[in-house]
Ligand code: NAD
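The chain that follows stands alone, in the form predicted on its own, written as structure tokens.
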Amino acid sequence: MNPCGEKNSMVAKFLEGAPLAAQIRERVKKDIANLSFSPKLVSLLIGSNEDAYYYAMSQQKNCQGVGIDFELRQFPDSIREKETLQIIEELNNDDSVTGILILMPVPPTIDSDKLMQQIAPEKDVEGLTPPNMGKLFFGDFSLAPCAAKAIIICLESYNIPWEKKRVVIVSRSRIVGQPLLIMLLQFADNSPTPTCCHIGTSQLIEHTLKADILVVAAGQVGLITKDMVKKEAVVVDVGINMVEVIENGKIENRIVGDVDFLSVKEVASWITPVPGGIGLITTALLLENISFLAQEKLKRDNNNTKKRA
């Protein structure tokens, strides 16, 4: 209590993504300027999902900002899985294509896992093919899934210690929960103790209340509330959800995370805003992955030239 008899309250500091994203983009821009060719990302949009299309437009804008060529290929819902696999194989063999990305979701008639596994590892810009995911088990994060890597970079950049800390991850996805769990376990000398939960976890609150660092990427609005968060915990919200709100008598779309931001920021020590947090870093890291693939291609080309000489 303070001298006036009022309860002391705390407001979490923000883990802002914009400064880190800007640093990454600037670094990528310089690296690409030093290449002898322009890297190219091809994104595949199957169907007419509006969110996926807007994400593609965001990719285009970000790619153009650092000198990466971008191409969006759109296909109808009716396209057959066999045709899609053939298109990916053609892109694998196209020397002008540096990276391939499949925009989600795809129609239920197509197996997204098959599509992902069809992408050549050397063109896997998201780091989600089996060979690239396998590298995480050996501490090689050079082509890690962008969202998971963004969380690591964010915590490191803001000097958030995780040594001997309890990290609770509410996500079992291949783009966040699974790779992040593997990556955290690779820090042998200062490893935290991670726990991986999901929206189906029984008594989720029992796990989240023990978290020194709570990472949430379950895709459910308002999943984490104030009563589920340990005092002074670090809360990393990776959720991206579009909701309708009434603003000045008008219905507007707004992006929110999985965490009840307004209440949780009163108990957390640090928290990521949504938007403006992990999402910005994730997008910048996608550009970095393209740059990495381009540099690896250049190495392979130089080695092949030497072998022929």
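Quick caveat, the model's predicted, so the values are computed rather than measured. Heads up: residue numbers just count along the shown sequence, starting at 1.
Keep in mind that the form predicted in complex with the ligand is not shown, yet the notes after this line are about it.
Counting only heavy atoms and a 4.5 Å cut-off, does the ligand in the predicted bound form sit next to every one of 198, 204 and 239? Yes, each of 198, 204 and 239 comes within 4.5 Å of the ligand in the predicted bound form.
Considering non-hydrogen atoms and a 4.5 Å limit, which listed residue (233, 125, 215, 147) is close to the ligand in the predicted bound form? Residue within 4.5 Å of the partner: 147.
One residue of 100, 229, 170, 180 in contact with the ligand, assessed in the predicted bound form (non-hydrogen atom, 4.5 angstroms): Selected residue: 170.
Choose from 43-51, 273-281, 27-35, 63-71 the stretch whose residues reach within 4.5 Å of the ligand in the predicted bound form, heavy atoms counted. Of the options given, it is 273-281.
Even though the ligand is not shown here, does residue 155 get within 4.5 Å of it in the predicted bound form, heavy atoms only? Judged by the heavy-atom cut-off of 4.5 Å, residue 155 is well away from the ligand in the predicted bound form.
My question is simply whether residue 87 lines the interface with the ligand in the predicted bound form - judged by any non-hydrogen atom within 4.5 Å. Result no; residue 87 lies far from the ligand in the predicted bound form.
Residue contact check: residue 131 to the ligand in the predicted bound form, 4.5 Å heavy atom: Result no; residue 131 lies far from the ligand in the predicted bound form.
Can you tell me if residue 143 lies within 4.5 angstroms of the ligand in the predicted bound form, counting non-hydrogen atoms only? Although the ligand is absent here, residue 143 would stay clear of it in the predicted bound form, with no heavy atoms inside 4.5 Å.
Just to make sure I understand: among 217-233, which residues lie within 4.5 Å of the ligand in the predicted bound form, judging by heavy atoms? Sequence-ordered list: 217, 218, 219, 220, 223.
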